[in-house]
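Take a look at this one chain, the form predicted alone, written out in structure tokens.
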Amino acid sequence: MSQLLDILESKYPIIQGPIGELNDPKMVAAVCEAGGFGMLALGFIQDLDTIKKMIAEIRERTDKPFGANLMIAMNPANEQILEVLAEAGVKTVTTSAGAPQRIYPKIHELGMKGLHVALDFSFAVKAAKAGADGVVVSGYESGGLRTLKPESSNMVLIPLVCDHVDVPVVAAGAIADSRGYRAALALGAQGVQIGTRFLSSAESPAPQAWKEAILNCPEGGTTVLPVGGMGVRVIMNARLAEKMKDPNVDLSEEYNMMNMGKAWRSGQFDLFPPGAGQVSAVVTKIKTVKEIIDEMVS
């Protein structure tokens, strides 16, 4: 565990999953103050003044280390964002959605460390070889963006990656409490990344309807929705269930990813279903971030 903690410099090896709709400085600071590693989601934000303002708001609330996620292929301002982060004293970022070799020279030039998010074994190994200082391995059960090809669960993926890379591995997916946390460490991961559980926390800026969708999600209540050539794991609702039963319906045409942010911020889930991981079935109560982390490491 020491390698990852050396990189994060947080009390616990618990990373906040970078979700755009959780991009709230108060939420990031709450994770940091509870001993975790708070994260800004900067995948689609290009305005540097906006980023500087968020960093300042975090610094007003905590002096603990925090990081940010960059989506490599989707943001042309990544190099300038890295310079802003480095100037503000941010030492670690995560990267996703693109080839690591495109950005890791800049990360290292600035004296920073980076963990690359991978959805399968081959990409995790390639990321480590391309210079990533660690990999966040996101199994099939995870929420967020997914591929549309066959994927492995973390019970297979984490030990497989750990056997083939020399950098710290972080497990993402199906972790909501101390049982999932300990299981991830037992599989060989040095830490975890938490999305859904923090999404449903008391401090989360997500609308109440989104939190309730997580609390009420049954086992088997999520699915990977195909949109724009990729998938998004979502909680099924009545409209989606009805569309899934109709063999004449093309779900990739019924739902537009451009509506995702609006739906998730407002709770209008007929526009786009609420995103979450399979672990939603385990989440039955809204807790503070501190309560979640304290229980996780107990």
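In this text, residue numbers run from 1 along the sequence as written. Everything numeric here is computed off the predicted structure, so don't read it as measured data.
Heads up, the form predicted in complex with a small molecule isn't pictured, but that's what we're talking about next.
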{"property": "Among 77 to 85, 122 to 130, 165 to 173, 219 to 227, the region lying within 4.5 Å of the small molecule in the predicted bound form by heavy atom distance", "result": "165 to 173"}
{"property": "Candidate spot 117, 196 and 264, all three touching the small molecule in the predicted bound form (heavy atom, 4.5 Å)", "result": "yes"}
{"property": "Residue 19 within 4.5 Å of the small molecule in the predicted bound form, heavy atoms", "result": "yes"}
{"property": "Contact label in the predicted bound form: residue 143 to the small molecule, heavy atom within 4.5 Å", "result": "yes"}
{"property": "Exercise: residue 210 in contact with the small molecule in the predicted bound form, heavy atom 4.5 Å", "result": "yes"}
{"property": "Distance check, residue 200 to the small molecule in the predicted bound form, heavy atom within 4.5 Å", "result": "no"}
{"property": "Listed residue (110, 183, 99, 71) with a non-hydrogen atom within 4.5 angstroms of the small molecule in the predicted bound form", "result": "71"}
{"property": "Sense of the change in Cα distance from residue 21 to residue 214 in the predicted bound form - at least 3 Å versus the shown form", "result": "farther"}
